[in-house]
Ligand SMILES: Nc1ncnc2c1ncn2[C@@H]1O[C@H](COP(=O)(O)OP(=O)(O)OP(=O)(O)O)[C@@H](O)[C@H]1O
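In the block that follows, a single chain appears as structure tokens, in the form predicted on its own.
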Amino acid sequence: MKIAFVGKGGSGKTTLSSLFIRHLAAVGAPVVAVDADINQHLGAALGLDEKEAAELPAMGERLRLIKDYLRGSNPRIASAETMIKTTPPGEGSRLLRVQEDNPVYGACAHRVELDDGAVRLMVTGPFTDADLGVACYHSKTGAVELCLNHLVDSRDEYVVVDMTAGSDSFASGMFTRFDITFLVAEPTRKGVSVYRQYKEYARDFGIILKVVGNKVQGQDDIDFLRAEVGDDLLVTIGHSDWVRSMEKGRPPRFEFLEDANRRSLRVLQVAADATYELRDWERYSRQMVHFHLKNATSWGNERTGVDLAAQIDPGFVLNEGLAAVV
């Protein structure tokens, strides 16, 4: 399952995505975790110290390797230079699978040991001084979008992405790459404003959007969120001494997370698992093509000097039955 955590800055989405990743690892599920936020804090939330987190290999700095691997022998893609963030796979492309070893994971993934298991962590890399004034953060997240476009995941496998804050993910087609999107909202007007934006933007794309109320202190907060987001409110998270200790860099073992919050994480997993039966690989592939054509005409053709529409393989549908290309 491909799962996104979104929300306004400061809502707690990185904290909640890290708790969900820990929960999945604790139940023995294979997990690839991706930090796609401009503020790179997921590694620290998973227990890495500052030095380890700073030394994580950045996907954005290994984009050439990612492109060369994914294009494989696809005759429609002449070179890595002609691949853009939305380039879809076709016959001959290499696909990624959650539990395999491949050069992309070898270059970009870091194994993080948790209390009850381990996960692969990938990071886009931080926005650096060299980027200021000459690049936008979507140049970093393009590597994530390419990987998601070429990813074939199965039931009981999880890719969890901590997304950019606010509605920034709508600057590309990446928001359509997920089976479910969890929007973390505080019980305030500002807290639910991003929900309204997301709901409006995602309306025509079949996005499954569920709200996770965070920093909830009582029934009045729950009533407020229910009035604002209706049935999209899935579950709420209250105060956590465990999280407070984690934020100080001294987390107890995950088994000591409060029972109520552990139950909430199980609700998230059940909701994610339920979307498996709703998967529509044909729609997923059509959406890849839709956003690739939009990006091609708006900037990609001019940037690469080729007609990127020619990269589309009209008979190709991404699905779990595809054989691996070596």
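One rule holds for the numbers: they count along the sequence shown, beginning at 1. Keep in mind it's a predicted model, so treat the numbers as computed, not measured.
Keep in mind the form predicted together with the ligand is missing from the figure; the text below concerns it.
Residues with any non-hydrogen atom within 4.5 angstroms of the ligand in the predicted bound form fall in just one of 226-234, 87-95, 112-120, 210-218: 210-218.
Against the ligand in the predicted bound form, the set 9, 37 and 238 is in full contact: each member has a heavy atom within 4.5 Å. Taking the partner from the other structure, the ligand in the predicted bound form has no heavy atom within 4.5 Å of any heavy atom of residue 202. Looking at residue 247, you'd find a heavy atom of it within 4.5 angstroms of the ligand in the predicted bound form. Contact check for residue 304: no non-hydrogen atom falls within 4.5 Å of the ligand in the predicted bound form. Taking non-hydrogen atoms only, residue 14 approaches the ligand to within 4.5 angstroms in the predicted bound form. Proximity to the ligand in the predicted bound form, taken as a non-hydrogen atom within 4.5 angstroms, holds for one residue of 243, 194, 104, 148, which is 243.
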